[in-house]
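Here you get one chain, nothing else, as structure tokens; it is the form predicted on its own.
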Amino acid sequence: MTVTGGVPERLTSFVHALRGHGVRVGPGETLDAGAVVAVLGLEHRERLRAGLASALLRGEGQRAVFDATFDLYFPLRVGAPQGESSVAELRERLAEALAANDRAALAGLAAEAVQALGQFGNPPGSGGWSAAQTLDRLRPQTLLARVLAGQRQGRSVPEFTDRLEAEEIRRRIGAFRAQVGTEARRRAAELSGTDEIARRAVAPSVDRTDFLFANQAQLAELRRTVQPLARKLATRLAARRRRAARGQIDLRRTLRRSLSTGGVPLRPAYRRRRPQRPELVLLCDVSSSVAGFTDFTMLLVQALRDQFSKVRVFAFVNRTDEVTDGDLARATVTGHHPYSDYGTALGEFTERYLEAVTPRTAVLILGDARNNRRDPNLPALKLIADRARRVYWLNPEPPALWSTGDSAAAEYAGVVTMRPCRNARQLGQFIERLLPT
């Protein structure tokens, strides 16, 4: 492994970069990381990666951020690789390396491919290096059939392991694509500075992924975090309830008790609060523009339903239907057009389901409030707000966009409390505050 600059300075910058991506690293963990470097040294890079991860990571879902940042501050190599090959030569060698699962050769090919195909700017390379451009020209995914054909050569009949072989080759191609991304970031860091590339080119951890820009893989990863996040929130709630159970000192009762001890308050009396579990109503926009945000929120609330006395869930696009049973496929959420119409949906909710809202109910509305320039129907929202204990509107768009285009967010925000909620971390923090003590 090649490391330029002093190791202490590099380790400190690495820790700062992790903090910038939301990884909580304190002075104690930083000292532990220094001890790990002193003990393990720099000769075995993967051993150092594992040691630093054990010293610095405490939360779930942070390993991808850690690995990408580690590759920038403790790179495998520096500078450009030797030699340059054509696209045909690279594809030929890549097919051989994929078939043999030669990891060292794949890492070298990733560096050569970025050097040969990933440069942009005038002159080439002055603008940086692009992993997307490299992969578009190299097309490693098209080598799947060729590699499989080579491995199955000589077989007269299909074997039951054929499907497993195909999955394994896809996994190797996916790993190679990730290596190209790592190499492109390393080259860009040499051009623009490691700190700058670590700040803007490392993908955020899954709990900080923007709901509106998450791809299918990130949404799938988000769904896998629902149960761990729900357990964490439930644990925090239990701790809050234990603290609340102790209550505050009841001064009047304490003074009354002190009469028997000559005015000395030997036995303080506490004012205990009865735990309350509010009812929750979810009103969810399930249109495609906010589907990822709504889907994750519905799953999280369903996982936490034991924390509420009653949970009812309603979905809408331009019509409203109840989906408390989780069967969104059978729900009628669109009418004569497929576009979002918050005004009509809110009006239908007040006509058909207003009995779901009581003075004990907290209503949570999920959506970007993009109403396609239709009537926002503010009286319907005000009717819900007048009946409910609290109404919150969570909007996955940043506040700067709330008054732009077809958004009616600013109008709705004048009736109920509207909060930006762009990732799972913000949503978890909000749900934690919403839960009863």
Partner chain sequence: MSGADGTGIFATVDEVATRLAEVGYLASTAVATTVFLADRLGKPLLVEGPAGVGKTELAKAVAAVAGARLIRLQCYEGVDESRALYEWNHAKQLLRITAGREESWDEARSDIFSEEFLLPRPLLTAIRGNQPTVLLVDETDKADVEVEGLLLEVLSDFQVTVPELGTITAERRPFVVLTSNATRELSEALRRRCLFLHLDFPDAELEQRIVRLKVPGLDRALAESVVKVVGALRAMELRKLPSVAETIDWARTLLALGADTLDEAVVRDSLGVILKHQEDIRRAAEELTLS
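It should be emphasised that the depicted structure is a prediction, and the values quoted were computed from it without experimental measurement. Residue numbers count along the first chain shown, from 1.
Below, we refer to the form predicted in complex with the partner chain, which is not included among the displayed structures.
- Heavy atoms of residue 47 reach within 4.5 Å of the partner chain in the model of the complex, making it an interface residue.
- The partner chain is not drawn, but in the model of the complex it has no heavy atom within 4.5 Å of residue 256.
- Within this chain, residue 59 lines the site of the partner chain in the model of the complex, having a heavy atom no more than 4.5 Å away.
- The closest heavy atom approach of residue 29 to the partner chain in the model of the complex falls within 4.5 Å.
- Segments offered: 327-335, 302-310, 226-234, 133-141. Contacting the partner chain in the model of the complex at heavy atom distances within 4.5 Å is 226-234.
- Of the residues given (401, 40, 64, 383), 40 alone sits with a heavy atom within 4.5 Å of the partner chain in the model of the complex.
- When you look in the model of the complex, the only residue of 215, 161, 260, 86 with a non-hydrogen atom within 4.5 Å of the partner chain is 161.
- The candidate spot formed by 105, 108 and 200 lies out of contact with the partner chain in the model of the complex, as no residue has a heavy atom within 4.5 Å of it.
- Shown without its partner, the chain has no residue in segment 191-215 with a non-hydrogen atom within 4.5 angstroms of the partner chain in the model of the complex.
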